[in-house]
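Take a look at this single chain in structure tokens; it is the form predicted on its own.
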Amino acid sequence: MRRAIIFGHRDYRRVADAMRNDEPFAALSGFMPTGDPHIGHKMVFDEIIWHQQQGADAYALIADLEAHAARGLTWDEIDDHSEDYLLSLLALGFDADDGTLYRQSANRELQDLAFELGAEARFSEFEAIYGFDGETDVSHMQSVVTQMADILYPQLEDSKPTVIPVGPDQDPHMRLARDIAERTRYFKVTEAYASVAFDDDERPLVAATYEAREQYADGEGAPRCGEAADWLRDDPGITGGHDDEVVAGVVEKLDNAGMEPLRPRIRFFDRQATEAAFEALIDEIRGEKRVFEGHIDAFELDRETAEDLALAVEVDHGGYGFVPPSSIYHRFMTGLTGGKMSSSIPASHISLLDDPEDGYDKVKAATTGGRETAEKQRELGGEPDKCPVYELYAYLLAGDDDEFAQRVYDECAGGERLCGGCKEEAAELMEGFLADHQEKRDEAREVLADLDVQLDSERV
């Protein structure tokens, strides 16, 4: 995060607030065992471990159902690699006594959850996000629902903010997970201003109209909806920036509401609540409220309090109460040969299982962001932002030493650091890292053997 390797997020505020307030939260990531774990995977391992150290319930899983259904790996191939991912995770500092490790295929709770979530997923979404068509097999589609279940699995017993570290290419997947989480909820909580329903695009304009009520309201108290419609129709200047269709829609709805007061309230929509849960929510809402067939309007609650209340009632009455999962987005490591780092291109990555001397040689052979000659390098400086070797320092070799990473960057950009010496230093650090990591992997074997994690598939 400090080095902008993690460059963005979706709704991480929930997680950060829980972290600050010592409240429950979770972190989860899955690993598809298609090859050896490499230094690109280490970045995600580190993200899970760091969140665990901050107090998260940490989860790591082997996505073997996805590997089999989507990538066509045999169960023997999956078994060959699964142990290696878990050993590296443990060697890097994952606390197995305080975290959860599992394989998708061995987790019946997960599979049952995936079955239930499948009722909230639509083929049209899979078609748009993943390009599925009539030739896509059902197991491949089911593997997507299983990934949704993985993301929500940390909340199966208790609702809590959950963060998933991903690359930016996975954002559509995270949006789908958030949508499915919302669809399972008993209640939808929104802000409202009248008995008519305004959509998300219309609500900001209605809010602004209410705030400007002193300019047009006839008498004290809340303005009438018809008054607000007439004022907007005269184009008071607050409609700028809003689509013409949105403005027209708001005016029409306010006209239809006529003499009804325009007044802020929180609306609880009944999505799929049981009758008992709906009645319980009515009882729990304090202050002025109005009850309708499909929703409840509360006039003395703020949005956050209302959402907490809806969640509590849902959980008390057997609902999942899923909090929409959060995500953080990291940059991809550049391959040592340029382009993307890939498990299928051995020269592009350094495996966490590589012999330390081989790791040294791969760094020495890597492309750089240097100039054509040492003279030009000294004159113009290097280009660390385009250099796979500098990324090794920033992502891995500098450890927690930000000053060291910055010094390498500045010396390269300023022309003081030449590629030969820089690669030699990086190669030696990589060799030392791999030797230390593999020693810790050997120590982790005993820890893994004592855990209740299925390493060999019972499938054929």
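On a predicted model such as this, the values are computed, not experimentally measured, just so you know. Don't overthink the numbering: it's just position in the shown sequence, from 1.
The same protein also exists as the form predicted together with a small molecule; that form is not shown, yet it is the one meant from here on.
The three marked residues, Leu61, Glu66 and Val166, each reach the small molecule in the predicted complex, with a heavy atom inside 4.5 Å. For Gln147, a non-hydrogen atom is located within 4.5 Å of the small molecule in the predicted complex, even though that partner is not displayed. Contact between Gln170 and the small molecule in the predicted complex is found at the 4.5 Å heavy atom cutoff. Proximity of Gln52 to the small molecule in the predicted complex: non-hydrogen atoms within 4.5 Å are absent; the residue sits far from the partner. Contact check for Gly30: a non-hydrogen atom falls within 4.5 Å of the small molecule in the predicted complex. Heavy atoms within 4.5 Å of the small molecule in the predicted complex map, among the stretches 288-296, 148-156, 235-243, 187-195, onto 148-156 alone. Among Gln104, Thr209, Ser327, Ser88, the residue placing a heavy atom within 4.5 Å of the small molecule in the predicted complex is Gln104.
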